[in-house]
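Okay, here we've got a single chain as structure tokens, the form predicted on its own, with questions on binding and movement later.
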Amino acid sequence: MTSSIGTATSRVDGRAKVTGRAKYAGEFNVPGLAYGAVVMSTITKGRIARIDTTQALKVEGVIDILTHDNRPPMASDDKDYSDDVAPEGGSPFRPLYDDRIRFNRQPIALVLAEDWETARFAATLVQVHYEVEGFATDLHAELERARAVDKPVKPRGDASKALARAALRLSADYLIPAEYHNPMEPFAATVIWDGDGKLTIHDKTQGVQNVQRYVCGIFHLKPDDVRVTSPFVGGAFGSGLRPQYEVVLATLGALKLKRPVRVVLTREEMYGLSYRPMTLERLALGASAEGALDAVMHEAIAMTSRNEDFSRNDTAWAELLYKSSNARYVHKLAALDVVTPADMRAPGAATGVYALECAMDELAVALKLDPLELRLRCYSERDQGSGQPYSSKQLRECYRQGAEAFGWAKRNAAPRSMRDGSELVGWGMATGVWEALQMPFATRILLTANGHVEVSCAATDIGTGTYTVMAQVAADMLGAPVDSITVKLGDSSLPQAQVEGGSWTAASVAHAIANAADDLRKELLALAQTMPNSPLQGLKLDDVVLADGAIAAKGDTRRSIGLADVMRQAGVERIEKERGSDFKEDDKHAHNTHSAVLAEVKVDEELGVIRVTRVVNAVAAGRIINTKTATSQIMGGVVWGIGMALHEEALVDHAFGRVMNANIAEYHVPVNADIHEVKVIFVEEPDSVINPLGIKGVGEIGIVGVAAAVANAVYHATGTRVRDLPITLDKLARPTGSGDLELGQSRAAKQ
């Protein structure tokens, strides 16, 4: 039988999406639906002195206006507002809880009306009077007050002394601005009140059971009284890991009106939600004349909110890539009057590796080494922090295959030496690295006598292809065609799942399916062996397989019985099995994915316009379940990395504490015209240690290293090093950021 795993299988949910049958959170229509529109704060910090809703309530079609003064009861304890991915400390934001204003665009009222247009219009008539307080939203102004996070990465050796003794010393600051999630689908929730106090919530989220627990905690509801669904998600990228405020507002409205309520956020309101925090990355590298790393020092200073300490690992990625006996890593947070930042694709790595890989490029230039050669000289076969070997690491092969596909050997090392007519041509490269994580998941498999299979799990498909991956794995485990399998997910009533993020879902859910399939095969074998003259008598579980609608002896298909015959003979109409992923945690190896990213840019010499004309991303990520959807994931990461390098930046007016480009006209993201040739290579990487199927995730690794490769290519093309993202025309003309290069005890150059 042909294996489905490892093939380029089209999405099983694709037809539903292109025909409009797929329903998203804001598309569930029921009789009596009311619509909510949000009133946002126009100040950044202070108190609400008074909310005047008189004029808004006079508008025909307005039902009610909820504020902190008249909303239904909400929990008072911080723990009730926590969720599965909330920061360990701090106080989570509580929508419409009190009169305090903590950030600009904070939701402070909800207008409920018979239609959305009326609700939106009435919201403009709500008048709010404030008591304004002083605030701080500028990271640069708060750098000196930043404090280190509680869990620092353990240092190795004496990095300061080693740096001072190094033959060559590089220090540089790199800045990544705040970047906002801009998924195609805005956040939305449709909450249906059934008359008996039970709620069905259709929410845009990356974790339906997480939202269920969150809502139950806030409103002191029983889990059996709250069902959350999210069958389809139009992109999330980390913004839906934590429950967002639309689900709280819609639930408040449904409880108050005792009728269904829908809240769909506008694009501007999306800029009052989650984002990648602005981060200043400070790198210091010490090296020998031959390119050995004597010292690595990496300090990150990131913004967070006053009420929660959000941080991710920006600083210790060199531990996983490069040999150095001396290293020190520090992560600091600057508390500002802003909404708490959140996970955004490859949180910590997308930013920290950008700085690390640009610094490595600067070091290679100073040493007059090929950037790829420098990385090979510093290559580490172990996690430098733990000392553990990798369960698998084919990064060398990524470098080789990526360089060969790109034509790296033809690169002229001198900046401004390669041209295409009036354009300067630059070639840059960088390394990518991410964690290969696994989480507890459970699945249920239902087999009917007619051969149909249903596989269910509460996991959410955020566009990555989870429906398809689950169908492929089930097809192989049960010996059935993919089109005979129905996948149900995105429903809190289904078997346990973690939030979908961190690149752990495919590996985790695949093994839960495999385990449930083993249980199913075991029962089928037992039933088959009770049949008269069974050809499977005496065989054990490991001696049989499910293939082509039958249970058969391995290597001898003549000894087989059709599954329909087995179930009919036993008088069984359906067999149902539920199992968890049951990973035996491996604590003797480091588990990571790796990549080599090579980029070509062309820069108009007179205008400074930058085009990324080619990218090759060679990825080692274990066994690839679906080469088609996995390629799409990597390509999406490359596009985002190009946006990070050249386009994305939240512009804040610190006099008002407000993001000024809160729309997708002025907040620039790449469009079709910005993206040219992207080649994805999956390097073969067998890994029997990480899990039985050898699966790692690919959701995050695609973006890591891309911004650095583009930035390094821009330097190679122009000879100008821009360290502050995004790289724009004005920065090429007047470079930003600081960096120093020293040889021995005397300063040799300043870039």
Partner chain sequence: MNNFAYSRAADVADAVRQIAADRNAKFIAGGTNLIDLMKYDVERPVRLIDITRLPLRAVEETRDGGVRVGALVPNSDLAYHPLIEARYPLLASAILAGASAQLRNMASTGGNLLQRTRCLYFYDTATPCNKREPGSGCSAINGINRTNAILGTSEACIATHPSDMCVALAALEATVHVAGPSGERCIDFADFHRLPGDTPDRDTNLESQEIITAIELPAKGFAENHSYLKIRDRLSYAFALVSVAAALEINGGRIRDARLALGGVAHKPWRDREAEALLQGAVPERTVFAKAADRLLRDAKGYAHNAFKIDLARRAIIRTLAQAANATPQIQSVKKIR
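Residue numbers count along the first chain shown, from 1. Everything numeric here is computed off the predicted structure, so don't read it as measured data.
Not pictured, yet referred to below: the form predicted in complex with its partner chain.
Within this chain, residue 9 is remote from the site of its partner chain in the predicted complex, having no heavy atom within 4.5 Å.
In the predicted complex, no heavy atom of residue 193 sits within 4.5 Å of its partner chain.
In the predicted complex, no heavy atom of residue 165 sits within 4.5 Å of its partner chain. Taking the partner from elsewhere, residue 414 is found to have every heavy atom lying beyond 4.5 Å of its partner chain in the predicted complex.
Across the options 667 to 675, 209 to 217, 76 to 84, 154 to 162, residues that bring heavy atoms within 4.5 Å of its partner chain in the predicted complex belong to 667 to 675.
Here is the short version: of 478, 101, 610, 349, the single residue with a heavy atom within 4.5 Å of its partner chain in the predicted complex is 610.
For the options 221, 449, 128, 652, the one in contact with its partner chain in the predicted complex, meaning a heavy atom within 4.5 Å, is 652. Annotation: in the predicted complex, residues 121, 422 and 728 each come within 4.5 Å of its partner chain through at least one heavy atom. Shown here without its partner chain, the chain has only 268 in 268 to 301 lying with a heavy atom within 4.5 Å of that partner in the predicted complex.
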